[in-house]
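In the block that follows, a single chain appears as structure tokens, in the form predicted alone.
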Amino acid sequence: MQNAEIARLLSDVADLLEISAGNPFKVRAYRNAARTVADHPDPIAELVSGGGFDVTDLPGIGDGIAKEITALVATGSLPQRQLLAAKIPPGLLDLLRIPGLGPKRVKLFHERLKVNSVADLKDALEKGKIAKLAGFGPKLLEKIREGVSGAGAGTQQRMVLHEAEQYARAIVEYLKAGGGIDAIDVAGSFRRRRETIGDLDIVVSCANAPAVIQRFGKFGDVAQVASQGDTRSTVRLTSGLQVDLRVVEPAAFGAAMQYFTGSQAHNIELRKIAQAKKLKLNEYGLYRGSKAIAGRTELDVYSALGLDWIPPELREGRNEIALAKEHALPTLVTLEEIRGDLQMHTDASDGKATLGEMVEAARALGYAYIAITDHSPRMSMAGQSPAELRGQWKEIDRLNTRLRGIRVLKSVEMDILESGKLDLPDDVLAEADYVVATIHYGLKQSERQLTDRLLRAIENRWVDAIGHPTGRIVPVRPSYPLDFDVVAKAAANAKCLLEINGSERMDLPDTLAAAAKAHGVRFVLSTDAHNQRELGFMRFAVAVARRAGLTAADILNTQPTADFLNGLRRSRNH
């Protein structure tokens, strides 16, 4: 059982407690436990089942929840979740899976409108009952309708890339441990690094296909073996994620990886090229008549079609095939080229680690510089006053005199207020090494208001970057309304950077990052890490950048420290 699944079940308990008017402290305890488990770098299930591990050693987890987690690992079910689920109509759990609905809204529908299932909710929507409740405007109603429609059609919920990666890695390692595998990789939208994943496609080359198929069906998280044949199998995990396994001959491994990685549009274009050359392309290879002329590697397949090899992140059927034909594909940025992380938080605001712990973790990753961007005052319970920020910056100055090989930048994540004003005065911002401005409040303002707020921040000479520019959190919160072309043009003209945030925000989205590049924008890649483990989220920021076609030259934090600092527009103001 992966950490993501344990965390999801703990979150379910918190939701069920909230629906049933449970103790708010208990609700918070389960939510905190879910976050702790999700953030833990090691598999909790393995630690517990291995013995000698005390779950109460995890921060914020007491005896009661520790016993629940231990029981979950041993039995596959969470006792408290079963107990609570038995006390409410079973259909309420289905409602929690609908986008736009959380426990508070589900409880409201249940108590006020006697809604106990997706069917009840659909009926209440059709009769206009939901629209009469306070706080349910047209956009939210439409979002709920879409969710109800998807639930009624049995649409599988997509999983964020961050979670899907846990399952993909675990399954690959499990299959490798069984031996006899020549090659194995994960294809599909996962390999294209899309922000959400509908299912996982795993391709294997081996001598004994039946043995690998049998082992696959016995993976610990498998809830159902949907189908099982000689060379392919489909299972559904306890999390609901579908995983498809396909076993091919070594001579076809590259063709299979190409076939199962590319989007439908990408693969259709490739087949057209093959047909024009009187060839046939499928998951087993590229054929002239009955003779396979390519298939062992992807490079062989693309070369035989007259194309350069196309990085998986670009295989969406946009313009990548035309570029590959002209040998004009961009040299995409790599994780190894990133020299610093430009957004992270410590326990001085809402982070979970100390300044020293974050610095050491960043140093271990080989970074040349990092920005400590604890929050400005507007963030309730997490923001720092100007005096507190200046105190932290003095501590950073002292730290930098002792550090070797890494520079800690005096920074802040500053709110752009609802009025459009900035949360800190210019004299404070001028003392920083780097300032990222973000919107956290007033997300329901009009497109014009939100656009104007960003434009005012871009105009300020001490704002170096706009952080998570669209405000989205995948998949729970969409982007706020925004005239992005206007924002991108303004950022390019002002030499203000736009951030690609590697947390579950995945913001900017790849399509907007590509559009911003066309306007001449430069970017920074950041993790928004709130603990040491989340510094690893840089790989997700890089994935977005690669999907957007960005090169190292498009991203300022691929530069050495001095060049990075000189590249900030504030360098012209000193």
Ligand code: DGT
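If you're wondering where the values come from, they're calculated on a predicted model, not measured in any experiment. Just count from 1 along the sequence shown to find any residue number.
Missing here is the form predicted together with this ligand; even so, the following discussion is about that form.
Remark: residue 345 does not count among the residues lining this ligand in the model of the complex, judged by a heavy atom distance of 4.5 Å or less. Mapping the unseen interface onto this chain, residue 349 falls outside it, with no heavy atom inside 4.5 Å of this ligand in the model of the complex. Remark: residue 374 does not count among the residues lining this ligand in the model of the complex, judged by a heavy atom distance of 4.5 Å or less.
Among residues of the shown chain, residue 411 is not one whose heavy atoms approach this ligand to within 4.5 Å in the model of the complex. For the options 330, 478, 198, 100, the residue carrying a heavy atom within 4.5 angstroms of this ligand in the model of the complex is 198. Only one of 271, 193, 129, 296 comes within 4.5 Å of this ligand in the model of the complex through a heavy atom, and that residue is 271. With the partner omitted here, the stretch from 453-461, 112-120, 89-97, 254-262 that lies within 4.5 Å of this ligand by heavy atoms in the model of the complex is 254-262.
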